[in-house]
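Below you'll find only one chain, the form predicted alone, shown as structure tokens.
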Amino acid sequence: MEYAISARGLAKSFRGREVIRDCTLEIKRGEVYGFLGENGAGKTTVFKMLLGLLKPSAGEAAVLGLDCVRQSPEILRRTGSLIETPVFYEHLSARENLEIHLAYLEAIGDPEEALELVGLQETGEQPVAEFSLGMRQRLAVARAIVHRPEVLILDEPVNGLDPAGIHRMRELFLHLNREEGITILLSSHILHEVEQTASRIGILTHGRVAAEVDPQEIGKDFPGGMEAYYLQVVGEGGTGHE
């Protein structure tokens, strides 16, 4: 089995407090994997370790077969990501921000196409400083996809978007996955949205992936759907179906 993302025994401590412990994650190429967990569960920490932005306290992880510690520059070139609050050159336009990003990665991409995909094609020379929260979030997604990465790692990508924007992002992610074969790992607090987008869902609790499930199978045993399943796993520390 060829995995786009894999982690074994991953652990991370901050000031003596263990946030991630013995975390195992295996995501196949071409999969959309939803990553759920309570605030402070460590989802962002896992994402940062996968991208080589944080060094694990223990364990190992690889993205596209590349070691997340030793080969992080190459991982950043072959992935697209949105982690925490995106930062831009505020006085520049959306297009100019994407051009700088491409130059930094030494990559080829089409800023105009990326902006159109996220609905920002009409922003012209408007500086990012004038963008709303939702516009900034869409620009962050455009920046993540402009170089057509092999893997997308997205931390709360629909944060700050209205219902129409959320729908547009869902359709975009499904298009990128189904038509272009991009593997996607994403987190969201909107359980229903993850359920509609992901082909598999993992729930992080007590520092590890306590349960995984195919969203299409949830309704058989949990009439309350994804929310009921999620609450059981989080509440019981990992007694959901594997």
Partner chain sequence: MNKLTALELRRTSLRPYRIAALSIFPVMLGLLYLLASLPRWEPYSKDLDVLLDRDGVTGIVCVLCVFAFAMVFAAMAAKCVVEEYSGKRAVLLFSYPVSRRKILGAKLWLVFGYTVLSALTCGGAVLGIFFLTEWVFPLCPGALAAGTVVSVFLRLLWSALLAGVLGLIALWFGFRKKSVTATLTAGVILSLIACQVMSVTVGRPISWLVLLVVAAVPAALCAAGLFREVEKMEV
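Positions refer to the first chain, counted from 1. Keep in mind the model is a prediction, meaning the values are calculated, not measured.
Another form exists, predicted in complex with its partner chain; not displayed. Remarks below refer to it.
Partner absent here, but in the predicted complex, which of 168-176, 150-158, 116-124, 85-93 has residues with a heavy atom within 4.5 Å of its partner chain?
That would be 85-93.
Under a 4.5 Å heavy atom criterion, is Ile190 part of the interface with its partner chain in the predicted complex?
It does not: once its partner chain is placed as it appears in the predicted complex, Ile190 has no heavy atom within 4.5 Å of it.
Under a 4.5 Å heavy atom criterion, is Leu53 part of the interface with its partner chain in the predicted complex?
Although its partner chain is absent here, Leu53 would touch it in the predicted complex, with heavy atoms inside 4.5 Å.
Taking any heavy atom pair closer than or equal to 4.5 Å as contact, tell me whether Glu99 reaches its partner chain in the predicted complex.
Glu99: contacts its partner chain in the predicted complex.
Taking the shortest heavy atom distance, is Arg208 within 4.5 Å of its partner chain in the predicted complex?
No, Arg208 stays farther than 4.5 Å from its partner chain in the predicted complex.
Using a 4.5 Å cut-off on any heavy atom, which residues of 55-76 would contact its partner chain in the predicted complex?
Lys55, Pro73, Leu76 sit within 4.5 Å of the partner.
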